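In structure tokens, the next block holds one chain alone, the form predicted on its own.
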């Protein structure tokens, strides 16, 4: 037997370009069935949304897996089917219908497989007392509830964000890398690392690809990665996940952290444009408004943000002198930036050195601060980044000052011993940026299978 690799199995008809009167064959899952006196409707679920098919008692035929003729009443939700028919013009009002200007007049339906339970989950028919109960049910039954058009739309936008991220960076001279997630030391240090036994040796799940993407700069100058990251933080909030997808960037030969911030702004502008172009249906279904990123993006030092919020009485508490932004500050400064400058994004820079990772470059003008930044979007931090140190001596001095053992990082320090250019980078949390794009309050809804302190299944 030989496989003709030049053949392509066209099992998905490009219905977006289908012409009225054209005969088509379409495969999908039955999302709903409605039987009437004259025939009825089959709503087929496709990868982008729903497609309506119209059944006639006089002209439509149905067959089971064995080829035996059956009745329309034998069809049920979540059957996999192939239907053939003719494209007709239509005006479908259901916002979940991706194909809302056409419908299929059914000639024949063939069942490919069927569910083995009579109680197929229908999210639209279930009743919940509150949002927390709804989310718990959705996550407990995620393998099925993901089929809901709204949840499909969330992850479709997320997929588009990740694709646009890679497209932009590849087009701008970045090389995609793939780094290990089982590591001997945590990149961020501290206690929020997952420990695991590795053939009798204690190792960790990577908090970040930081060490490896810096090493990559010495090889390719510009690198990026899309991969999981792990934080052993004991929380169960709407803002956090213990396993998330990190969109990482690192670039060499920078003049300062401003180069990194400018790159990220250009990257985000591209992502916004791609989402607007390719996800118009999903944005409409989710009642989401694409974010605004102006040519001039507000960028303030941390101390300046504290002062702005205090002077304008925008927070209940006085946060001046604190070493980070409180959640209420993140929300307040984003609201201020949007109302005053029309920006959904705010850069916050110059965080205290002792509260940033050891590899952050200290500000030569004030070594108590770092050349680092966070990027806030619609009230939530989506990015941490900045300029890194690039001299071995600076690393050793800072590690010793912090009580770290440089010998435990010998492979990392060897990178700088052998020479490195000035460099910097950032990381974007994919679930967080998706939530911000779509106005979703809980980032867990933007994870296909969320992991937090209470959940490791399904």
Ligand code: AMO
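Keep in mind that what you see is a predicted model, and the values were worked out from it rather than measured. Residue numbers count along the first chain shown, from 1.
Below, we refer to the form predicted in complex with the ligand, which is not included among the displayed structures.
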> Among 177 to 185, 236 to 244, 330 to 338, 219 to 227, which stretch has residues whose heavy atoms lie within 4.5 Å of the ligand in the predicted bound form?
Replying inline: 236 to 244
> Any chance all of 150, 447 and 450 sit within 4.5 Å of the ligand in the predicted bound form, going by non-hydrogen atoms?
Replying inline: no
> Are any of the heavy atoms in residue 62 no more than 4.5 Å from a heavy atom of the ligand in the predicted bound form?
Replying inline: no
>> If we define contact as a non-hydrogen atom of the residue within 4.5 angstroms of the partner, is residue 390 a contact of the ligand in the predicted bound form?
In response: no
>> Although the partner isn't part of this model, could you tell me whether residue 251 comes within 4.5 Å of the ligand in the predicted bound form, counting any heavy atom of the residue?
In response: no
> Is there a heavy atom of residue 50 no more than 4.5 Å from a heavy atom of the ligand in the predicted bound form?
Replying inline: no
> So which of 383, 343, 349, 158 reaches within 4.5 angstroms of the ligand in the predicted bound form, heavy atom to heavy atom?
Replying inline: 383
>> Can you pick out, from 281, 138, 231, 319, the residue that has a heavy atom within 4.5 Å of the ligand in the predicted bound form?
In response: 231
> Within 426 to 456, which residues have a heavy atom closer than or equal to 4.5 Å from the ligand in the predicted bound form?
Replying inline: 426, 427, 428, 429, 432
